[in-house]
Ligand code: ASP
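Take a look at this one chain, the form predicted alone, written out in structure tokens.
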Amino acid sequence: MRRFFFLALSVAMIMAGLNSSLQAQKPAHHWAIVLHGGAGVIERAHMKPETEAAYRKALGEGLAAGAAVLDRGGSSLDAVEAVIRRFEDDPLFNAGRGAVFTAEGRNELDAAIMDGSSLMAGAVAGVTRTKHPITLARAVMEKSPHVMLEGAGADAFAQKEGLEMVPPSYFFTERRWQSLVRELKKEGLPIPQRPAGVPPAPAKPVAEIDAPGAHKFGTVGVVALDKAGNIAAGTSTGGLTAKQWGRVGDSPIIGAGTYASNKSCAVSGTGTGEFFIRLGVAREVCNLVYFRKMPLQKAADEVIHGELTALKGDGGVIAIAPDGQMAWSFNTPGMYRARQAEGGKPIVSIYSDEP
């Protein structure tokens, strides 16, 4: 019996040592994060210094918020959601409170999130009362058997799950309303009444923040790698100014505007959604990485400057891989963007001639 005890103890010690050795050999992962605030005709010549400073500040603060989550060991999903929630609260961006208006004078919000470790995904479209669509998208992923919910049903699910609800007037901003009025006049379409519960029209038009000729759409997105080696992607948008007939773009469509897989990469897109849907842009980048073993930057460039441009589409992507590769690529004059890797300096850029 005594001999058996010492034999069992020896085996236990050997196994403990083996486990410790395997854990010591397991490669350490360093976190990284990339984000965007939309792409389009964004040029120095038409950007006011105070506007540029505001965007750089917002991008830098969003980057710092995501980095803080990852640095303390938070998941890539947590980082993606935290940054996008921040952007959804910032009227500078076409997401959440800064969303553009439909032709009927409504704010209809779309969002998606995807977990690269499990391929679980959640998305919502046409949300009008949920304060943070990205949080609702995550709830769809984690607390429902579905991938996408839309419209009133999505808002009802949000309320059932106890998410923060707001009246539609919460999303109103004067500059987005006046952008709608200008667009409808240009298209010869009727102008709807101002939404209920919003401030009265100002005596003078508000100053435009967007540069002359800037596109009438926008998106925010984040891709992240956490210390566990898992990647995730998320995207949120207010859609297209003066859109009609319940149009939905690429942002909430898994594989088009949002995709993540630990076997390849995580991608969030921004641009003319119809082209991103037709190409399956986000998944296409990941396919080039997985099947053709392309470096991440080359894959992103191949899709954006090759396939998307050939189709006469415009926009850009951000991407991240489980090995820490980070990339962005866009065929427009600018894209609001930022990135940082653990131990590295934050990079915040806007124009095409910046790193």
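Residues carry their position along the shown sequence, with the first being 1. Because the structure is a prediction, the values reported are computed rather than measured.
What comes next is about the form predicted together with the ligand, which is not displayed.
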property: The ligand in the predicted complex: contacting segment from 241-249, 81-89, 224-232, 130-138, heavy atom within 4.5 Å; result: 241-249
property: Interface membership of T272, the ligand in the predicted complex, 4.5 Å heavy atom rule; result: yes
property: Partner contact for G96 in the predicted complex: the ligand, 4.5 angstroms, heavy atom; result: no
property: The ligand contact in the predicted complex: G116, any heavy atom under 4.5 Å; result: no
property: Distance check, G218 to the ligand in the predicted complex, heavy atom within 4.5 Å; result: yes
